[in-house]
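Heads up, the chain below is alone and in the form predicted on its own; it's given as structure tokens.
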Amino acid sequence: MMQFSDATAIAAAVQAQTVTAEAVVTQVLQQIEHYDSRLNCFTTVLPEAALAAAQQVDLAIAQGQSPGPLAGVPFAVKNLFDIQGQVTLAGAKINQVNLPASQDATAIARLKQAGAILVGALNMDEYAYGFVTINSHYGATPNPHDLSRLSGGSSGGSAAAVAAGLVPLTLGSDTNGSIRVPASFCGLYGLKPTYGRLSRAGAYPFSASFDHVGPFSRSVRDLAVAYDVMQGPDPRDPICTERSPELSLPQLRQGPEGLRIAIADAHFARGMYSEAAAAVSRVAAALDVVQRITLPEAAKARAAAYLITASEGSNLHLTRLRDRLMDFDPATRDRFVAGAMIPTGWYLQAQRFRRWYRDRVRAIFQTVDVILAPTTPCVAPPLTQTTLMIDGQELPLRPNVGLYTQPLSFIGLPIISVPVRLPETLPIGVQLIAAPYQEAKLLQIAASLEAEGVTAAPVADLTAL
């Protein structure tokens, strides 16, 4: 069996013609067929289209052409992204009757233009409303590092597929933490770019003023390459109008020198389990960070984020709630119904608070470049667990694994969750947070932590499956 460390290594081998794209894709499809019955990552597999695309990559290389920086790299996407010719499920039974998509989502199209090869679509929480990827229609996606535990959500299939080594690169979406939470639980690098930096065209919405799309990978360089090839203005997404300078691997190797880094305290220092605290401490020590800063009213920001996303999400689904209420996943249905009853005045007040909070947090970035915070309060809990102990209180698990991600989604900041593996524990993530459009700073720090061995994203051992 061929072994590659990451997507970048695959692309280099394919372009050097030491392996064919067709051989890589064939192996990936075999792994999916062998292991996915237990992992339940994929809801759709596209073997014929993937093999045909791989053959085209090999032909282009044989003719002396360069298919792109991701030549021959297999990837898969959360099943809320439009795939031409396929029905976009968004984790829902209701969507099964929809017409197939007429074109690929912009993010998929740009990855394909860079030579990457789409192999399928991945499981998620229904309509992206959840942190667990336990779906009443399509089943649960467990954590590949321990099949008795959660993979996180709502992009759980996307994270689990990379953690299991089924594919080296996937796409997810993040509204209140749906990339960062599964990245933490599954031990991966997950990037939520600045709001509006990557096009959401062709990605089924949840809450339009919060939704982001972004990649999962096992290396920082893969995040950087995927981010580079996907960014740029898109007339199909009116908020996606800017492009940052292309990142380079030498730029990533500059490390954190000269960057001002601080640790988030107050809300972000309360409620975490010992593993989360140890992970933040390890990253801070590696970066020689002692300064602490307070993001004001973070708990209120989390509450306001809930009000806005619940209101916007419920409004999007009002017709379906009226006509097909019992076809929703029960966990999703109840929260959408509750969201539909939120008074308009509460929503407007939450938006006013949002502007105030954005201005206060952006002022902090006048004195620091990057902030460290835990991604999740704990390592991946058991699939059957329904509550968490937070500051001595027993609270519902599903909303509270987003304790540290929701206040940051609120104002569209770029964030990378980096995987920290501590002795005798499952992996857990630490968030690197920057001001809008400062993804390069995050990638520099993440690359430094990776190079020093502070963070790593190992492939799960599937030999027992």
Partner chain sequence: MTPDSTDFDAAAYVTVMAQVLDLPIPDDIKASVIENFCQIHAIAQPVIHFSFPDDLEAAPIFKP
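Keep in mind that what you see is a predicted model, and the values were worked out from it rather than measured. Positions refer to the first chain, counted from 1.
Keep in mind that the form predicted together with its partner chain is missing from the display, and what follows is about it.
The contact with its partner chain in the predicted bound form, taken as any heavy atom within 4.5 Å, belongs to 300 out of 300, 270, 282, 292. The contact with its partner chain in the predicted bound form, taken as any heavy atom within 4.5 Å, belongs to 335 out of 221, 110, 145, 335.
Remark: of stretches 25-33, 409-417, 63-71, 46-54, the one touching its partner chain in the predicted bound form is 409-417 (heavy atom within 4.5 Å). Contact between residue 368 and its partner chain in the predicted bound form is not found at the 4.5 Å heavy atom cutoff. For the chain shown alone, residue 377 is not a contact residue for its partner chain in the predicted bound form, no non-hydrogen atom being within 4.5 angstroms.
Taking the partner from elsewhere, residue 194 is found to have a heavy atom lying within 4.5 Å of its partner chain in the predicted bound form. Its partner chain in the predicted bound form is not approached by residue 99, whose heavy atoms all lie more than 4.5 angstroms from it. Taking its partner chain as it sits in the predicted bound form, the stretch 301-328 comes within 4.5 angstroms of it through a non-hydrogen atom at 303, 304, 306, 307, 318, 321, 322, 325, 326.
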